[in-house]
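The form predicted on its own is given below as one chain in structure tokens.
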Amino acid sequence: MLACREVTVSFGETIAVDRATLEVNIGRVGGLIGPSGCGKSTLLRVIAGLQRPDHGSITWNGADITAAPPHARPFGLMFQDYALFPHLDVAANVAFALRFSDTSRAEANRRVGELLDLVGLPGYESRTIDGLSGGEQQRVALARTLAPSPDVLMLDEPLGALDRSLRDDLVPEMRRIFSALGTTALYVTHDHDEAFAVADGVFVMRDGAIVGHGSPAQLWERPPDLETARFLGYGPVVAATVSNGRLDVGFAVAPWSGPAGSYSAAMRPGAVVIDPDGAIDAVVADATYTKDGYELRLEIGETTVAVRCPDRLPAGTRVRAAVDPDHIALYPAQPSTSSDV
């Protein structure tokens, strides 16, 4: 098991990592997500041995490696910029780390061919780096990181430099490669969709601290707090009350089994759906085309929500809608900090 315990890192008066604790079991892929600047990359550098923590420990299979230098840790680290050597061909890039081991030339050549097959680049040994696309360079960088057979693979925004369509193509490939190797990995990204597709379990980081963790399904269905819900794409957030087994979000009422009280209700996609028999009266504000059909913005009183629709409806169209409470997460209402001036 890879484990971080109460890791803290400060740069002057700035706390970059704040008592972060996480565990990734052998053969599993852990995702680490959070907004840019939240401390993800700093924590990864601590695990890799490139940054000493002010407090806390890093262990691998129960052994404390907090003070171990990077080369003494059986880890592989892949950076966002890939750091490939342009003067070397693909084979030499992949085999670079093997030059510092007792691997024979024949064994290195075999390993290079095996890894290029694994990452979908068979026969690319003699290609130049400058002649590769961004996606192909990403695959070469991954093969190079895997060449020395690290016990733990760490990836820092590995698809961050690629366009969306290429990232969508490569995400399932990353998952396939991890599954084929049975790799223990820590996958750092600000893209929660990417992490959910790749990882077995996901840790959420904010302001240097780990604020939640769980399976992708658990985090998506019940984010640990309102800020995480917003980060994951929940919205809008409206004031709500629960009483007598009913949830009242202002524009609709639905059955609810939770405790009575005042809440902030965060709505994920699908919380409101167009339904000819629904109790909600809504007006189409506008429609935007997406690859999954049209996204309509509905105005329901003072609240605006986005809904999916196979057809484009003109602005001003009145529609009926319904609320699905299974797509709503409740959080205790925060006291207002506003004041009259």
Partner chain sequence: MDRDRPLTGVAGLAILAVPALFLGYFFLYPLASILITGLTSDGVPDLGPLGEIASRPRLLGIAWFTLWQAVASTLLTLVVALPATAALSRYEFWGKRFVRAAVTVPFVLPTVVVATAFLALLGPGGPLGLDLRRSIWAILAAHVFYNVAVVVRTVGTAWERLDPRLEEAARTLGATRWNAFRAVTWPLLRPAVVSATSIVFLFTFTSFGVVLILGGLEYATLEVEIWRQATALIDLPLAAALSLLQLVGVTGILVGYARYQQRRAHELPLLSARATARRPATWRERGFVAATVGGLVAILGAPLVVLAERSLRVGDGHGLTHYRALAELDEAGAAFVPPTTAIGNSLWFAVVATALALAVGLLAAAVIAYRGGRASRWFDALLMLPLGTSAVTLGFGFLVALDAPIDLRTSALLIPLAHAVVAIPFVVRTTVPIMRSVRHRLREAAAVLGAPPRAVWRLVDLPLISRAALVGAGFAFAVSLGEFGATSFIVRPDRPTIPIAIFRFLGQPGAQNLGRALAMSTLLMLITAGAILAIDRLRVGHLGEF
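Residue numbers count along the first chain shown, from 1. The shown structure was predicted, so the numbers you read here are calculated from the model rather than taken from an experiment. Only the largest set of C-alpha atoms that superpose within 1.5 Å between the two forms is called the rigid core.
Quick note: we don't show the form predicted together with its partner chain, though the next part is all about it.
K.L.:
If the cut-off is 4.5 angstroms on heavy atoms, which of these, Arg99, Arg164, Arg110, Arg246, is the one near its partner chain in the model of the complex?
P.N.:
Selected residue: Arg99.
K.L.:
With its partner chain left out of view, choose which of Asp81, Asp169, Glu221, Asp117 has a non-hydrogen atom within 4.5 angstroms of it in the model of the complex.
P.N.:
Filtering the options by heavy-atom distance leaves Asp81.
K.L.:
Which one, 232 to 240, 142 to 150, 250 to 258, 175 to 183, holds residues whose non-hydrogen atoms are within 4.5 Å of its partner chain in the model of the complex?
P.N.:
Answer to the contact question: 142 to 150.
K.L.:
Does any heavy atom of Ala285 come within 4.5 Å of a heavy atom of its partner chain in the model of the complex?
P.N.:
No - in the model of the complex, heavy atoms of Ala285 and its partner chain never come within 4.5 Å of each other.
K.L.:
Contact between Leu50 and its partner chain in the model of the complex at 4.5 Å, heavy atoms?
P.N.:
Leu50 belongs to the contact set for its partner chain.
K.L.:
Evaluate Pro86 for contact with its partner chain in the model of the complex, applying a 4.5 angstroms cut-off between non-hydrogen atoms, and reply yes or no.
P.N.:
Yes, Pro86 lies within 4.5 Å of its partner chain in the model of the complex.
K.L.:
Can Arg45 be called a contact residue for its partner chain in the model of the complex at 4.5 Å between heavy atoms?
P.N.:
Yes - in the model of the complex, heavy atoms of Arg45 and its partner chain come within 4.5 Å of each other.
K.L.:
May I ask you to list the residues of 53 to 71 that have any heavy atom within 4.5 angstroms of its partner chain in the model of the complex, in sequence order?
P.N.:
Heavy-atom contacts within 4.5 Å come from Pro69, Pro70, His71.
K.L.:
Please check if His87 moves between this form and the one not shown, taking a CA shift of 2 Å or more relative to the superposed core as movement.
P.N.:
Passes the 2 Å threshold, so yes.
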